[in-house]
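One chain is shown next in structure tokens, namely the form predicted on its own.
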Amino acid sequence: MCGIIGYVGRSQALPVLVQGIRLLSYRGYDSAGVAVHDGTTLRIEKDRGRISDLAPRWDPATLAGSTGIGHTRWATHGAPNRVNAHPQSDAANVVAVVHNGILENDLALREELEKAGVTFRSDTDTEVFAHLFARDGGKDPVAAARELLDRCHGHFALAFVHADHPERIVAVRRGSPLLLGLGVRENLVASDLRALAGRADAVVELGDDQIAIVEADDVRVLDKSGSDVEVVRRPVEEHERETDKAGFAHFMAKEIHEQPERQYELVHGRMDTVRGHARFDDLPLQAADWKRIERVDLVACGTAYHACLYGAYALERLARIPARALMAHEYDARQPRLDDRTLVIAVSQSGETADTKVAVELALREKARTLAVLNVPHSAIGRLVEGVVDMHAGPEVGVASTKAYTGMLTSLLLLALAAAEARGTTNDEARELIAALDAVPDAIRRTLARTEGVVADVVREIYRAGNMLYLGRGPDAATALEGALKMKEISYIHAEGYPAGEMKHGPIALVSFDMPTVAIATAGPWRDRMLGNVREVKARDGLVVLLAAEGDVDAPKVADFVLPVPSLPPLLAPIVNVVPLQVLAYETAKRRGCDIDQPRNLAKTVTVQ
């Protein structure tokens, strides 16, 4: 969940580190810090708080130097405070280290070091790395890094600076992502490509149990045994450099409004409009493979899990394959029965979600077939699976996912349509969906244009609420869950989503005017039953916000507020229906004065279990 940035070159390191921390801030953090080598010694500044408040207090003269490391921390071991903030150092301040991930055997190593006379100053697992590296890091950094890999258990990405080597950063990776950014007479280390924006022309993805020696004019990569590994460079593409808000107040608002264009590019990149079928020639699963598949497990967390609920529905309905959505962090606990007739599909925006990666590793051990739906194909999960469906959402900076979620839905629908064709189950419903896909981008544009005025009226009524209820049926049960998640993530209103039929089995006890209900009753076979649920809420004095198809004459009769959306086939509707719920959450959070792009306690990429 944390962020790493490191620089070695000819420029002053501090401005590069501060900018890198700013670019990493979208991931969420509670403290930040830097360590700069001034040519003689290491200088460290760190504290709890945001970089916008911390950086002005850091003296560029004191922190002068051309080699340094920086970090954004989200507390795991130890409270968020100055002592526990990164970088961490050894007792003699010879080594500074920044760390993402978890050291699982930190207590045993800490006890061993304390017996050897080491005094610890922080509560972090990270400080263990500093003391271990200080033993040999000055004389032989490769040997020191290899010892870490031998003795330390868990998932971690590390960047070290040693007082005896002002021209060098040593990086180590196991599990957590770490990139090397290659520039002109300067090189960088970062946990996220976005932190390298404007400085790196190419990147090297450090592999598991690899060590990097990074200097201004040279990068050397070694494996766990100390042998050199060929450096594979990948150019940084232009779209990967995009980080501005384009005139919007927040990244989340920008990303909500980017959805029509992202949907257009995704559909037209995957659809053969001449023959009317989805193209997945880049995947290893061909028609014969799809016919052998007996079950599909979709694994993910958070927003991506809601997309999996929709994806399982689409696969089962269109391709007639038994499919289930499973929370990735519970996948190994159930000890699933897997073989080469099971397809495991991992869904993740970043491709670095630790729980989802572990689920994929389980699938690989059990010889299941694997695919992933990702927004970052060059990622840890992307390197593990047999094939990647790139959702092409573009960089998503806001912690609360919007355009990546709709990209997941469309990607999974297209995959279900391809599977249906391969298995010979294409029917009239599938053909209707293919014909209507072109309408989705414009439907989102119309929804945004019509929603924002109505949402302002809704927000005036609900922004003081402490609790909210979201209801949907069929594939829009997932929309209800996602709408509730967006509201709780950024406005801090406690919101719960339910399949509407479940309301009578408990949640109806909570209904009152003080607990607004958002219901999804757009065109389709569940519309009348949803209106029945809405009437049950109104009979108990509940305030109702209703998503309904444009022109639905019954909607204003049963709801306090109506959010109109274009009418689409039921399996396409969730891609559009979620958009007004994104806007509702955004505007409510703005009215409540919340930090929308960086909500408290949350991170964009969850890289620990």
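Numbering starts at 1 and runs along the sequence shown. Quantities reported herein were computed from a predicted structural model and do not represent experimental measurements.
There is also a form predicted in complex with a small molecule; it is not shown, and the following applies to it.
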inquiry  = Each of 406, 410 and 439 having a non-hydrogen atom within 4.5 Å of the small molecule in the predicted bound form: is that the case here?
reply    = no
ask   = Could you tell me if residue 353 has a non-hydrogen atom within 4.5 Å of the small molecule in the predicted bound form?
value = yes
inquiry  = Residue-level question: is residue 212 within 4.5 Å of the small molecule in the predicted bound form, judged on heavy atoms?
reply    = no
task = Look up in the predicted bound form whether residue 400 has a non-hydrogen atom within 4.5 angstroms of the small molecule, and give yes or no.
result = yes
inquiry  = Whether residue 173 contacts the small molecule in the predicted bound form should be assessed with a 4.5 Å heavy atom distance threshold; does it?
reply    = no
remark   = Note: the small molecule not shown here; in the predicted bound form, the stretch from 134-142, 299-307, 111-119, 442-450 having heavy atoms within 4.5 Å of it is 299-307
inquiry  = Using a 4.5 Å heavy atom cut-off, which residue among 489, 127, 192, 476 comes into contact with the small molecule in the predicted bound form?
reply    = 489
request  = Sort through 388, 434, 469, 485 and report the residue having a heavy atom within 4.5 Å of the small molecule in the predicted bound form.
outcome  = 485
